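We begin with a single chain expressed as structure tokens, specifically the form predicted alone.
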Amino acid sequence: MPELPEAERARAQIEKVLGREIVAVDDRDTYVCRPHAPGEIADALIGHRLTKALRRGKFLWAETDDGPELGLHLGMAGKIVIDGEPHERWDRFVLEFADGSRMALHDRRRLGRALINPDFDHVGPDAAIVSRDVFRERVGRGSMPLKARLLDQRSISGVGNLLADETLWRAKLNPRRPAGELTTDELDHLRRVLRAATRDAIRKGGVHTGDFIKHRKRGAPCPRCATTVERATIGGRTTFWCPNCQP
């Protein structure tokens, strides 16, 4: 499932088509383009150019020249494809440009989104750039398990299941620990580790490249101490951790 690193790589893809005039839009998929009717997004975008590609957490949007913003979300399996071979079944939303190029939201599971003027008021600060004080206030509170707090997109945005497990393993923090029990030093350490894990994942190609991720399975050894990892459901998500490194 795409998390912050995958969304950032998708944002970089969108940057490749900035400044190109939009001449056609395929917005016929009424589920991906909800609540818009077919042709509504096309009418809003044709004749405009994307001018800036932005991201907060897993949410993407692009500004246009004196036009509306285009919001995009990758869902569980989506990706942004520039100038790829058209795929009638899986290209859920497509922009075509005056120079003959195209940008598609390619999504086999049909869980991505495309919409005009998205509202991100419900989304917390981006996990990659959240400040120290804001992180302390939003993460270090309440009795919610730490893993669940990291996954709460209203607290901070962009952290998914794999990135959370990777980060907590690197930080040597137990995912079941109440978030409000962390000390200021522990919260500051967690924030630094989260940002480092995020940068590594962006550079290497996604959250699946993490040091701990290939050990997220029953009976696997911790890559740091060789203790058998434990598994549980925390915050509604399957969670793995090392009982020795993350007591």
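When you see a residue number, it is the position in the sequence shown, counting from 1. No experiment lies behind these values; they were computed from the predicted model shown.
The same protein also exists as the form predicted together with the DNA; that form is not shown, yet it is the one meant from here on.
Peer 1: Pick from 93-101, 126-134, 169-177, 75-83: which stretch has a heavy atom within 4.5 Å of the DNA in the predicted bound form?
Peer 2: Heavy atoms within 4.5 Å of the DNA in the predicted bound form occur in 75-83.
Peer 1: Does the DNA get within 4.5 angstroms of any non-hydrogen atom of Gly71 in the predicted bound form?
Peer 2: Output for Gly71 is no: heavy atoms all beyond 4.5 Å of the DNA.
Peer 1: With the partner left out here, check for me: in the predicted bound form, does some heavy atom of Ala114 sit within 4.5 Å of the DNA?
Peer 2: Result no; Ala114 lies far from the DNA in the predicted bound form.
Peer 1: Closest heavy atom of Arg224 to the DNA in the predicted bound form, within 4.5 Å or not?
Peer 2: Answer no; every heavy atom of Arg224 is more than 4.5 Å from the DNA in the predicted bound form.
Peer 1: Although the partner isn't part of this model, could you tell me whether Arg149 comes within 4.5 Å of the DNA in the predicted bound form, counting any heavy atom of the residue?
Peer 2: Yes, Arg149 is a contact residue.
Peer 1: Taking the DNA in the predicted bound form, which residues of 147-167 have any heavy atom within 4.5 Å of it?
Peer 2: Contacts from 147-167: Arg149, Gln153, Gly160, Asn161, Leu162.
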